[in-house]
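The form predicted alone is given below as one chain in structure tokens.
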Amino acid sequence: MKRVAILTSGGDSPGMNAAIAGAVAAANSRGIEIIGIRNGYDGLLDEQFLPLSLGRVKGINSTGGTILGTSRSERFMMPEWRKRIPDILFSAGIDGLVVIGGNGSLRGAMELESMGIRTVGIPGTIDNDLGGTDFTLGFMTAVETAVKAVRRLTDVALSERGIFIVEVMGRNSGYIALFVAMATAADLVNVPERQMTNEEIAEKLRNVKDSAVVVWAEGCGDPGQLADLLKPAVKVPVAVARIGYLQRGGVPSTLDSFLGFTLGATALSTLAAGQHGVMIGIKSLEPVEVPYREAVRPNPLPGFLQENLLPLLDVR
């Protein structure tokens, strides 16, 4: 293997740059040329190639976002566009592709595998919703960002006496919400895996006389509806706060930088060794090869977390 490409796809997550740096370092040690592809699968279709070197990636381990840019490519979903990719890679002399992204990005890598392109994936998503890995890149940084916000809002709730419903990211997964709620001693948490109805939550909060904080995963719907239900039923102010895209930005945590570099280097080494069609996950801080079909399966909160921890977060 003489030349390998790498791209970042879907929503950006802290740690992607560290993964790029790790792949470049591993490629350099093996005498393999590595090419960055700008703007995800869209950039691949447009042949937006950027040669990478140790000098170009110096210091990016500690920076957020992705120096390659990212996208959600509608063209890539169309077979008539996707079928052009083998010729694009062959013409560029690219022997394999590292794909950093979440569920949709890895499904894209599966499609490329079915077309004869050797790929290895890296789990880059803050939602921690991929199978076969303890953590995905960006998850812990997103949690830390949300924890800081919830702690500040808790100060406001305690000072002004009110109910805050704080929405965090997590379309299909309650990992961020649960970690944040446990770290901040929130009064309630609502997650897609064990979603409560607005009426159930309102009943729990009906007798609040001073303050309460509810951590709400975005996959549970619009928290504004709960606020509308609560306002006429309680005697304290009710507010909704959405942390939003702040969770995707910022300097990656030490863990995400470590995981990113480790997974990037391992992905490159895996391709160089002739292995492909897998995502490189992390188990007990060691890289593991996870078949794509296992990686893209839903990864809900483990049963012991649902059964043992969620019940502890209840209005007292």
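Model, not experiment: these values are computed from the prediction. The first residue of the sequence shown is number 1, and the count goes up from there.
The discussion below concerns the form predicted in complex with 6-O-phosphono-beta-D-fructofuranose (F6P), not included here.
6-O-phosphono-beta-D-fructofuranose (F6P) is not drawn, but in the model of the complex it has no heavy atom within 4.5 Å of residue 113. Among residues of the shown chain, residue 73 is not one whose heavy atoms approach 6-O-phosphono-beta-D-fructofuranose (F6P) to within 4.5 Å in the model of the complex. Interface residue remark: residue 218 is counted as part of the site for 6-O-phosphono-beta-D-fructofuranose (F6P) in the model of the complex, having a heavy atom within 4.5 Å. Although the partner is absent here, residue 141 sits far enough away that none of its heavy atoms falls within 4.5 Å of 6-O-phosphono-beta-D-fructofuranose (F6P) in the model of the complex. Comparing 75 to 83, 209 to 217, 232 to 240, 169 to 177 against 6-O-phosphono-beta-D-fructofuranose (F6P) in the model of the complex, the single stretch with non-hydrogen atoms within 4.5 angstroms of it is 169 to 177. For the candidate set 119, 145, 125, 190, a heavy atom within 4.5 Å of 6-O-phosphono-beta-D-fructofuranose (F6P) in the model of the complex is found for exactly one residue, namely 125.
Residues of 240 to 275 placing a heavy atom within 4.5 Å of 6-O-phosphono-beta-D-fructofuranose (F6P) in the model of the complex, in sequence order: 245, 248.
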